[in-house]
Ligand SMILES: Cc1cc2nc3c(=O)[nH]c(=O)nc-3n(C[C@H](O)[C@H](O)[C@H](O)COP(=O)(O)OP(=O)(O)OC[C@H]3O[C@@H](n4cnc5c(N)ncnc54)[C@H](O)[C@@H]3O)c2cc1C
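What follows is one chain in structure tokens, specifically the form predicted alone.
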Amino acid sequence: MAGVVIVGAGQAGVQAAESLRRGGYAGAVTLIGEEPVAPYQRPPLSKAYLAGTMDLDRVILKPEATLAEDAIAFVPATRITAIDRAARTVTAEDGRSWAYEHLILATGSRVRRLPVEGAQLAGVHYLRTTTDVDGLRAELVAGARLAVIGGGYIGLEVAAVARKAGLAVTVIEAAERVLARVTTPEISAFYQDLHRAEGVTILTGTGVTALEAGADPARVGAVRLADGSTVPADLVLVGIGIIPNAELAAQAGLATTNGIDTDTNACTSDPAIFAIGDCASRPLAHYGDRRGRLESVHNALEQAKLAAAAILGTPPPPLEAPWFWSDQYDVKLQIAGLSTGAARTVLRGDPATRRFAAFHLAPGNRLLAVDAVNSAPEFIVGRQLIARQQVVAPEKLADMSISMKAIAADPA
């Protein structure tokens, strides 16, 4: 029996394999990963793993022995280069091939490279794998100067770790505010103030034109900005986004649009092939006819369960509101939903206390998203209200004397 072949051994791929087994799937399950290590979590890489407070054993999702106990054949250090849809086989770079009844593409994404002169210099780092983090961590030496190019989650999380380690940190962001792609101006302002209070220099609306060598001609020494000025740097972290690994699917003739196109069950344009996680473009539940990619643990887990249910022929799991999180200093940001299209934002609490939430409402006051800073109840209830597509009274959200439990029971 050909069984299920899963290409990609990250969070999505592992969850798909586990869901198949838990659902009673009796056929062969093969999990193929490009990296030479057991499947591991990526979110801690820019946080606890980089800081050295979490070791590799705690980052690993499933040791190889555990996968074997579940009759999941794990194939590490293997890059799949071709899909033959007619023969239902996948072929690796080294010539090995696997037959499948169903194929799950969990190919993930890769970092976007900085397209400027000097980007190849030593001391220029990206953050996607444990190897990347190990190389960066070795250079996080107190007193060193770190330039972070990109003010997204990865860049700000690395900036926080580096600042706590005693480095001088400058964040350089091309947009007019940090986190511009993922959150609202209110949250951006809070994080800019937070990092500046911790001693980080934040430069927004600032482009990078080159990386320049220092005393060692092979190593980075400065970042050249669009206005001609430079930021001295002993090392550089580039965090300017990721690119979905959709080429394998496109070469096989599957539909791709900023990722591998899928339906609500994570199925691609070929009914025998599914796509899950960062590589997949999916319909966005709770947001009308919108679709897109969600770069999150929630998305990886949910799509994996959807694909497994479709293969098993069982009912799909209920769809949750998307959720994300970020840890920086003593601040935990938890986001539920997507704020695009919001007509108004209601603040609950005071940002100056580092404990507040921003609720984003569509016209008519339907809750679209919540950004909760050190505010777990607001996040938990917000997720529930978004999933219910609930209309919420703005004055109740703003009134701290009304508990979130009471708002959940009577939101309008």
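Residue indices: 1-based, along the sequence shown. Nothing here was measured: the structure is a model prediction, and the numbers come from that model.
A second form of this protein, the form predicted in complex with the named molecule, is not displayed here; the remarks below concern that form.
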* **Candidate stretches 167-175, 240-248, 255-263, 206-214 - the one whose heavy atoms come within 4.5 Å of the named molecule in the predicted bound form** => 240-248
* Asked: Quick one: of I32, A358, L385, L361, which gets a non-hydrogen atom within 4.5 angstroms of the named molecule in the predicted bound form?
  -> I32
* Structure fact -> Answer key: of H102, R128, R145, R224, within 4.5 Å of the named molecule in the predicted bound form (heavy atoms) is R128
* Non-hydrogen atom contact G108 with the named molecule in the predicted bound form at 4.5 angstroms -> yes
* **4.5 Å heavy atom contact, A159 and the named molecule in the predicted bound form** => no
* Would you please decide whether A336 lies within 4.5 angstroms of the named molecule in the predicted bound form, comparing each non-hydrogen atom pair? => no
* **is_contact(G349, the named molecule) in the predicted bound form, heavy atom dist at most 4.5 Å** => no
* Looking in the predicted bound form, is the named molecule within 4.5 Å of a heavy atom from each of E18, Y287 and K305? -> no
* Are there residues in 44-82 with a heavy atom within 4.5 Å of the named molecule in the predicted bound form, and which are they, in order? -> L45, S46, K47, T78, R79, I80
